[in-house]
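We begin with a single chain expressed as structure tokens, specifically the form predicted on its own.
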């Protein structure tokens, strides 16, 4: 079993990474293999909306998302970590979300993986980031675990929040336990990559 933490912060070290490290520590305590992936030194271009991946199953853009996509497929649980910039997730986090449209084929998708979020804000925006990421999990047919939302400013400040760090550790342990339950979405209903709205009949 593997739990992947994705640090969607442009900073290599900071509050987001501190929270993710504690989540992964909790997962490791439950016996899982863990990996922390940081986007801080990576190149992940925005989705071009070309729909090439709908035909080929692969994104035509050759950048670091290719490797991250493989890691996401291999993982049993994925925890997104993001600071709040302008009242929502970072541009890096949104680029990852958008580019995973390429992970939508029956043989290569994110369904039945456990998803969770840790987010850090200086003021407003936590609820919006959580809402958007958990809606993303649902449309991917992932299984939502809990979340941790914290307020922090100075680098490493969240480490002094005892209850927050404990919640992160618990989240990591919870993710492993949910994965172990081996829940599967019913295949007979089918799988859609999209939410339904006014464009459907």
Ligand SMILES: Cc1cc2nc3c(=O)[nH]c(=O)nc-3n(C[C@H](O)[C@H](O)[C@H](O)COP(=O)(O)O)c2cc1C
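Fair warning: this is a prediction, and the values are worked out from it, not measured in the lab. Positions refer to the first chain, counted from 1.
The form predicted together with this ligand exists for this protein as well; it is not shown, and the discussion that follows is about that form.
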TODO: Quick one: find which of 38 to 46, 22 to 30, 145 to 153, 164 to 172 has residues within 4.5 Å of this ligand in the predicted complex by heavy atom distance.
DONE: 145 to 153
- [ ] Spell out, yes or no, whether the shortest heavy atom distance between residue 122 and this ligand in the predicted complex is within 4.5 Å.
- [x] yes
TODO: Evaluate residue 130 for contact with this ligand in the predicted complex, applying a 4.5 angstroms cut-off between non-hydrogen atoms, and reply yes or no.
DONE: no
Task: Partner proximity in the predicted complex: residue 110 to this ligand, non-hydrogen atom cutoff 4.5 Å - done: no
Open item on the list: Given that this ligand is not shown alongside this chain, does residue 84 nevertheless sit within 4.5 Å of it in the predicted complex, heavy atom to heavy atom?
Closed with: yes
Task: Sequence-ordered residues of 1 to 18 touching this ligand in the predicted complex, heavy atom within 4.5 Å - done: 9, 11, 14, 15, 16
